[in-house]
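Before any questions on how it binds or moves, here is one chain, the form predicted alone, in structure tokens.
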Amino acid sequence: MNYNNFFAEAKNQGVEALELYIVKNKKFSFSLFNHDLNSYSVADSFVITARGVINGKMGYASTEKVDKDTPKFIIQKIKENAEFITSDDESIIFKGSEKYFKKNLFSKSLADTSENDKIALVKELSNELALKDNRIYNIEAEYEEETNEILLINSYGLKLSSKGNYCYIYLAGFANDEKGETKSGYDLKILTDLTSLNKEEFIEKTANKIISQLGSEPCLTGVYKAVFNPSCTANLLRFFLDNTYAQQVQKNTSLLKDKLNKQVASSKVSISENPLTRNVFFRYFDDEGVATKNKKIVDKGVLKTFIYNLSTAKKDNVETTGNGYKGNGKIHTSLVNVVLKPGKKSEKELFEKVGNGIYITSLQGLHAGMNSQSGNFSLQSQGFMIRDGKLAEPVSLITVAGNLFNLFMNIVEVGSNIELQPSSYSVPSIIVKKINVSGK
């Protein structure tokens, strides 16, 4: 399609500046249930999201339909939308950064692997999981692959593009304990090259997650030293970092307001955003066209920066941090490739340091059980007791409670077992000095 037609139409209708954000997406997915193919899907999509400034107001429009009338339709919708905008925020279409750090992360290996080979691989994983333990049943396996092409162009001549692909493999199953209670577990791998998958390790980890909770019951209510696994750490960190978003600070809803260059976490905690890391979440420009950069957010417990898009940066008279990303068409703030700097101790050594305590492997009900205004939380959990520095009996049907900011202040050790999570956070396990646990 000739995108120049959009800019010509915008000029004719008095739109001062226009930006087009075009996404081509191809998705291939299938699922297995007890080793048999259960679903199969191939889908393509093409979406144009546009923003335009008219009379100082930003209007928005999007469409999946592309024909000769699309430019006129998009510009008309932008004008109509702008009439309802009441915000006094300055409307900004970005002219471009001085330098961009573009990398080609498209995996030809993944694209060239046949669909039959992908199905065969997942069937093999499903079959091998069943052989791992005869108590495991109702095995579910899913494969989903996406290829995304992004093109951002605007009235100022800025033209940015990226193309990437990745897949995830999900493996899960159920098991019954002696009491007849059903337990389940799963693991998930995010890949750009199927040959990099350690199949034996993946199957072993999934099987352990399924059967390790057999025979679990609540522990005694009390205050415990705790180790949180990488998944739990990532979930807690995500809520913590929401408070670094400038729009929250400017609305006086952030508990980190007035905390810049002050201690907000334990000195063991150093957090960075590394969007230029070569993995499936790599981004060299944000959704406003700003060049991304790696940056420290918290350094040895000290808050070093708030997180900005163009609009919030303008309000504070600072430079954007390159964190403007789209949500429902409009620009919000988000973080990509967050890293909690790992320590030197393995997870096993964390258990040894705790001595006696609890290992939390699952947190549920985060959106309902986490109060974003106060940081107080109460979350249903499961995990294992730690006795004499080693994992002991499994525990479930417990609730952990505390305050998010106290928790990060009370981190006494960060492990070396860093893992990349589906949220794009790379985090290890942590030791927290104390956590309230409600059990029996």
Partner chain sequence: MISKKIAIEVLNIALKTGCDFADIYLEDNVSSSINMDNGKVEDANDEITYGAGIRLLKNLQSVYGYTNDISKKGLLNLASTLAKSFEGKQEVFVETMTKQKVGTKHQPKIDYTTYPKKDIISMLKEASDVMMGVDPRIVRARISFSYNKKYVTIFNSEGKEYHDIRSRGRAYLLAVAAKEGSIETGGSGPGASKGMEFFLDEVNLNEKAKDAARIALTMLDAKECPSGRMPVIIGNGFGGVIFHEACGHSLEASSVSKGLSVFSGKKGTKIASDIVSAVDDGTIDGAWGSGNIDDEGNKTQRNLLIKNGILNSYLVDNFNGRRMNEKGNGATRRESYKYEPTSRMSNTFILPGKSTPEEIIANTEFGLYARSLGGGSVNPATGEFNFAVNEGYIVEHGKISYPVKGATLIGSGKDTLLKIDMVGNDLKREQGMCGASSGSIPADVGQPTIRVSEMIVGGRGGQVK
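Residue numbers count along the first chain shown, from 1. Please read all numbers here as calculations on a predicted model, not as lab measurements.
What comes next is about the form predicted together with the partner chain, which is not displayed.
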In the predicted bound form, the residue from N198, N317, N104, N252 that sits within 4.5 Å of the partner chain by heavy atoms: N252
From the list N81, T277, T113, S155, which entry has a heavy atom within 4.5 Å of the partner chain in the predicted bound form? N81
So which stretch, 87 to 95, 120 to 128, 266 to 274, 297 to 305, is the one near the partner chain in the predicted bound form (non-hydrogen atoms, 4.5 Å)? 87 to 95
So in the predicted bound form, does E145 come within 4.5 Å of the partner chain, heavy atom to heavy atom? no
Does the partner chain come within 4.5 Å of any heavy atom of K65 in the predicted bound form? yes
Are any of the heavy atoms in D388 no more than 4.5 Å from a heavy atom of the partner chain in the predicted bound form? no
Check whether E140 has any heavy atom within 4.5 Å of a heavy atom of the partner chain in the predicted bound form, and answer yes or no. yes
From first to last in sequence, which residues of 22 to 46 have any non-hydrogen atom within 4.5 angstroms of the partner chain in the predicted bound form? N25, K27, F33, L37, N38, S39, Y40, S41, V42, A43, D44, S45, F46
